[in-house]
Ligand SMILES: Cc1cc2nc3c(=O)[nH]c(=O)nc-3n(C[C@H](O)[C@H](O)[C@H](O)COP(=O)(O)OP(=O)(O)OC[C@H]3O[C@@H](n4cnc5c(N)ncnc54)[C@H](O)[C@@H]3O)c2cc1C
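Heads up, the chain below is alone and in the form predicted on its own; it's given as structure tokens.
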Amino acid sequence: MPRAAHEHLSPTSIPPLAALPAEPDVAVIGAGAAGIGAARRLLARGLSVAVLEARPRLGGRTVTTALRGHPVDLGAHWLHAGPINPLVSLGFARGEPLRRAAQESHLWIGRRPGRPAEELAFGRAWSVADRAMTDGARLNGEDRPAATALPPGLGPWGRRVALVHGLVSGRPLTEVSLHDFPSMEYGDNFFIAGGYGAYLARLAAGLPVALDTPVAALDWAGEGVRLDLGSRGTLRARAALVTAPMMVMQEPAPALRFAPDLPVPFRAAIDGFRTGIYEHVVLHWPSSPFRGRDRLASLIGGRLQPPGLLTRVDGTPFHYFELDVPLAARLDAARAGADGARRLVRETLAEQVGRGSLRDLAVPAVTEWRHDPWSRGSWAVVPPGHTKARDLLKEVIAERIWFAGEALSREQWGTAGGAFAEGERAAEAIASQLR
């Protein structure tokens, strides 16, 4: 797997961490949102914990770096589903600098702002499509592709609706279970000043975490579990919680192996997830025509259309130009890398706003979570027919192996909030079992 373009960027901070216990009650594999949430809850329940993280930093796919003196998130950025996201309620309780996401957005058609009638028609198309897909999942129990629920008659806006939903779902709607659609709402979301990754790092302060410590294998043949840490030796624990991304554990070349292998239904559940793609091309663009902090922009017309554009992040000149599965596949097929992504951005925006508007455009960062060896994708996607995998993977194996992470969250799938909630859920199950 090629090296990810963003791997050289350092997090804004690494908090002080505690030493690992020699033989903990629970070994937690992964210090992303799920691992951090689980470790905090396990310690609160009186169990000893050792968190093992393959990367030299915390946060998993939620990381904040400094670009031109400003904190910028390279992975998760939205705190979705505010009323049920534990990281939102915890943030308010801690006095964290949360701000509600703007509801206003930009509609740009053929190098001009959309007219009021066009904005009204565009909004109506979104409402019709969202209601049809939500009702399709709620009223019809059949697990089918989300695309089959898109209603006819959306007019010229239908392609745009499908394109954006394919981006935020991680794959085109033909490849996503309809039962995953209703959770992708944007009505009550938040951002956090200083970055989401920096917030998660603060939550990990004082936890017993070993960085740069990948787990090559988890041996559960005897009593408890034994973790192979390569040159760092082994670690024994009473139980293990695995929060590594599903793609990292998938055959035929998993980075984390189980000895013996998992029971067949669990192996099939893990291997059945698909790789979700949602990449940031970070733009520094002071003269951008888009005004207003943290606003989504829909650019319609022309041969090239960006599936997603978040403008004026935190009120700065930074923007996120998003890459979906088709665009990432195009870059990978050409072996274009990060420079290819930069060229693609310029080509697309020149067509949409005119090349003269790009005089001060710079692209200081491009993410490639699909090429990150400890992620292998932006999140795990449930394809049609695979929704029961989540419930199966919440069950304990041999009373000592549990799983957690964004892939197991039905209400907040694909999000750091969902991962954190799943870590807390698994921690409660482990505490009940071990105590």
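Not measured: the values here are computed from a predicted model. Numbering starts at 1 and follows the sequence shown.
The following text describes the form predicted together with this ligand, which does not appear among the structures shown.
- For the three marked residues, Ala54, Val248 and Gly417, a heavy atom of each sits within 4.5 Å of this ligand in the model of the complex.
- Using a 4.5 angstroms threshold between heavy atoms, Pro214 counts as touching this ligand in the model of the complex.
- Taking the partner from elsewhere, Thr64 is found to have every heavy atom lying beyond 4.5 Å of this ligand in the model of the complex.
- By the criterion of a heavy atom within 4.5 Å, Trp402 is excluded from the residues contacting this ligand in the model of the complex.
- Contact annotation: Gly75 falls within 4.5 Å of this ligand in the model of the complex, judged by heavy atom distances.
- This chain is drawn without this ligand; in the model of the complex, the residue among Ala31, Ala38, Val382, Ala50 with a heavy atom within 4.5 Å of it is Ala31.
- Stretch-level contact check against this ligand in the model of the complex with heavy atoms at 4.5 Å: of 388 to 396, 40 to 48, 405 to 413, 64 to 72, the positive one is 405 to 413.
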